[in-house]
Structure formats: structure tokens, C-alpha cells
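Starting off, we have a lone chain in the form predicted on its own, written out as C-alpha cells.
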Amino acid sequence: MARATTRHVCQACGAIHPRWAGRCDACGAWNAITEEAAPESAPIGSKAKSPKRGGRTVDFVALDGEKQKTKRRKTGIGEFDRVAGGGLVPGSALLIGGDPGIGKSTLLLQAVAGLTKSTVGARCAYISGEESIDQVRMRAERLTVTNAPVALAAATNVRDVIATLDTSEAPDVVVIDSIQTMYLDALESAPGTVSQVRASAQELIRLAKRRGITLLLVGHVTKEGTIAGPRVLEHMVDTVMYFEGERGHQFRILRAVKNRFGPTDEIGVFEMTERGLEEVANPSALFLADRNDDVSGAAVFAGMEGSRPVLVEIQALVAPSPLGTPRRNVVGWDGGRLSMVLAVLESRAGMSFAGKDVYLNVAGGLRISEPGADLAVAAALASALSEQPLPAEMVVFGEIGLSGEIRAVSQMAARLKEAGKLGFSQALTPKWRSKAAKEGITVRECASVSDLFGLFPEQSAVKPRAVG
């Protein structure tokens, strides 16, 4: 009796199931199991011949041997090169993910066009699996890069792509837009499935390593915001970037979450215009451009994104709630972290948010993940509760513990230096444990969340109540 010619594979994690099910037992995803063609196998009971060729020995070398210095390729877009670690490394694979219509194709088309101008003799190719050649040319005309010597093609068969690129005249940089549209004809599953994405990426990355090609892969994202396809795809590539932003907002954030050739958590800031994406050299000034100084519930947070200090405004609004369960809405920050800060303020500082809706927003479309924003969030909440604004020239940063203490954060001097450049003269910070320079800014050290009461002389709405 021959084995079944089909199998059921989860499109979220790649787990194989004997039959269809509504929920994957491995990852818990619903409606992610689809039927695919199984690889050819020998019938049960037959003796399939297996290759008996032995493996070859592996040569070991010392750690202190000579290493070849890698020469990076500059795209001419400073923000993109910063996130990539200083430029594109030959033989590397980069995966760029983002929401539909966020500008991934626009960014990469501008990057390869800039590479041909910044690097003499650089050969670049753009292979589109989603759009026709005429559509890509229309975008190039809008971006005014039609004069760039970029080779353009529309293809989805990986075997055809490899046969075209695997020559001595191979391009230096290749863009694949997108990896979910590529397929191998040896597999009977549809493009975009787990097996097709994994196999297609593996063949393309193997070609890039062998020929020294810089491979830029565009990846779709799921509704949860993660790159569609198997998780192993992010392990196969050298760099993973996410292109973030709201469609109705002109700012775009390019964030590196994995980089084998540079720092992680580095960001690049772009502004979407009619002529494409324009890099923002000073994002702090851009995020604070529309800031009002005399509004309660606003605090300026001095954060770190990779190696770059960034100043951003955190806005809070506290209003009476007509509902039995007050709302807790957050944009740009972790909702669980907000619940923790509210609990600490109520338990350790005596502030009362009972019966009040709380709204928190990070202005500019930036998403903050570091715990150093706790104190800025607490200051914005206290300002909103008392209806008294914070000092206009003050920046705030620090981590809050469950006992109400304010913990130190990294690179405090760099945060103050960036604040001094933008004209800020005061800072509310944790206690300084080192003798680092305070950059000429008046620093007010904060030991616990109860010290926030000193920021508001008239504490009409924020009064410490008896705790316990």
C-alpha cells in the first residue's frame, strides 16, 4: 500500500499534521492548516536505496587567523545605511517586512538607484513578482530615478531567476519583491505556503553566498505584524528590518531587529512625500515640531533607539468614564506596561485613577519599547490628572520598579546631550551612579514616583491619599 500523496501543513509554523484541523496543536494558530502535496517516498515495506556516500572531513582553524576586511556598499541613503550597519555587505541577505502600501518597494527602488550613483560600476537588478514592468517604471518615473542603470525584470519562478543570475556577470545587488510570490516548480504547493517560502529563500540565499550578491528580500506581514511564512525565514537571512508607520501619517520608521553585520534596534526615519521617501537627519526636531508647551498631560521623553538618542513627546489624557470599566487605550507603547505604571502610581504614590478613562499616545507614529519611558509616562499621567503642564524645557526618562523606585537607564549622558542640542535646560532623571557629564542641564534626580508631586505646586487633583 502506497503512502498518501498529500499532507496537511500549518502555514504559520510549518508543523505537519496527519489530517486537517481547525487549530494547529504546535503554535495554536486557527485556520492555518492547508493541504499540500507530500514529497515522493517509497511504498511501505519496500527497501528504498539510500546513498552510502560518506561525508568529507571538516577542517578546523584557529580563532586568531587572518580575516578579510569586508567592504560595504553605500546606497547613498544615510538612514538606510545606518540601519544596515554602515552599508550593504556582499554575500548577505536582508529581509524587509512591513504593512501593505507602507513603502517597502519605494524604499528599495530608491536604494538600488542610489547605489548605482554612489558606487561606480555597481550593477543592480530589481525582480518583481507582484507588479508588471510598466508599473515599476511608473514608480521610477514618480521617484525621478529613471536614469539609474537598474536592470528590471518580472519573474516568479526561482529556477529561472537562478539561471539568469548564476553567471560571471552577476549583479552586485538583487531585489526580490516579494519572497512570498516566488515558487519552485519541484514543489506542488502554491506560492506563499510554508514549503515554497522556505525552499525559495534557501535557493536564493545559497546563490547570494556563492556569487557574493547582496540579496534584498521583501516580505509580507500578517495581521499580527510579523513576517508571513515560516519563522525559520528570519533565521536564514543575515538582517531583518521592519518598515513601520501609519498610512495616514507621513513618517516612516525603518527598524533593524536582527543584524549580523551591525547593531540591532537601530532605526532610520523617513518622510513620505510626493517624490518618494526622504530621509530625516534630525528626527527629534521633527517629532517635537508641533509640540505645545502649555498643555497638561504631555512629557518629552529622551530615549535611545540603537545608538541614536531620540526625543519624542508622550501624551496622556485622563477623563471621567461613564462606563463601569474605564478604558485603557494605548498607541505606540505597551498596554501591559501602562497597566503596571497605573498600579504603581495608585499603590505607591496615592494617585487615584478609579472611574477615569486613560488614553496614552506617542506622538509622531514612533513605537517605544524600552522601559526607560516609564517615568515619562508617569509624569504625563500625573500632569493630566492634575491638569497642570510640566515645565516646558524639561525632558524625562527613567525606569519604574514595582516598589515605586526609579531605576537608572543606559546612556544617560547621551540622552542629555541630545536634549541640550534642542534647547532643553532641565531633566527629571534617576539618581546618577556615575560621574558622567550632565551636559550643562539642570538635573532633578527622582528616587521614587512620590517625587512627582513636587512638579506640581498646586496639587488640586493629585493629592497623596493614605496607602494601605
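Bear in mind the structure is a predicted one, so any value in this text is a computation, not a measurement. Residues carry their position along the shown sequence, with the first being 1.
One more form of this protein, predicted together with ligand TYD, exists but is not displayed; see below.
Residue contact check for residue 294: none of its heavy atoms lie within 4.5 Å of ligand TYD in the predicted bound form. In the predicted bound form, ligand TYD lies within 4.5 Å of some heavy atom of residue 276. Although the partner is absent here, residue 187 sits far enough away that none of its heavy atoms falls within 4.5 Å of ligand TYD in the predicted bound form. Using a 4.5 angstroms limit between non-hydrogen atoms, residue 99 touches ligand TYD in the predicted bound form. Only one of the listed residues (337, 328, 73, 142) places a non-hydrogen atom within 4.5 angstroms of ligand TYD in the predicted bound form, and that residue is 142.
Proximity to ligand TYD in the predicted bound form, defined as a heavy atom within 4.5 Å, holds among 272, 148, 232, 153 only for 272. With ligand TYD left out of view, the stretch that reaches within 4.5 Å of it through heavy atoms in the predicted bound form is, among 187-195, 157-165, 100-108, 232-240, 100-108.
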